[in-house]
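The data below hold one chain only, encoded as structure tokens and taken in the form predicted on its own.
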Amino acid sequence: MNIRTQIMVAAIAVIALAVLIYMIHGNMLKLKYALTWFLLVAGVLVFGCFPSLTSVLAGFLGIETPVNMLFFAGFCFSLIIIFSLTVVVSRLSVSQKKLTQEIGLLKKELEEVKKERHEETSK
């Protein structure tokens, strides 16, 4: 990887970091969900600034080429994101079900109170 590509990768990573910070500051993204993306940006910076590290890590893991190691890392990162989003969706589904049930009970209670008041006023 030549120096121009390294600079471009570093610049894109810094821009991505700035966007993440802006989104957290503007309450568009919660910090606990942004941590994974911070790790990704850090990894891109490290591997972008030190491309020989990719070859060393690929050799250590027994992967033939550094590009395959990067694809494997991207696949693992995607699995982590998918798993974390699945957990969040599951929690929200349970929460939504609970809230819907509570709203139904409150509506029923409100109707009963209205019915009782109507009966009292009609006597």
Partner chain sequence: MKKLIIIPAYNESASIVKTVEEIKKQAPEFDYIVINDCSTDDTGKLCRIHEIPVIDLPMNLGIGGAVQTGYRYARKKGYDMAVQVDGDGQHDPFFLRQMARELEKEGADLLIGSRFLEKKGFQSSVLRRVGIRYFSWLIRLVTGKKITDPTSGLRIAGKRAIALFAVHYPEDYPEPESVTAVLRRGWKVKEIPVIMRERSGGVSSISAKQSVYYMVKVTMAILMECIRKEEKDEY
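Note that the structure is predicted; figures quoted are calculated from it, not measured. What we label the rigid core is the largest C-alpha set whose atoms superpose within 1.5 Å from one form to the other. Residue numbers count along the first chain shown, from 1.
We do not show the form predicted in complex with its partner chain, though everything after this point is about it.
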Just one of 65, 96, 78, 36 has a heavy atom within 4.5 angstroms of its partner chain in the predicted bound form, so which one? 96
Just to confirm, residue 25 within 4.5 Å of its partner chain in the predicted bound form by heavy atoms? no
Residue 105 within 4.5 Å of its partner chain in the predicted bound form, heavy atoms: yes
After fitting the core, residue 25 CA displacement of 2 Å or more between the shown form and the other one: no
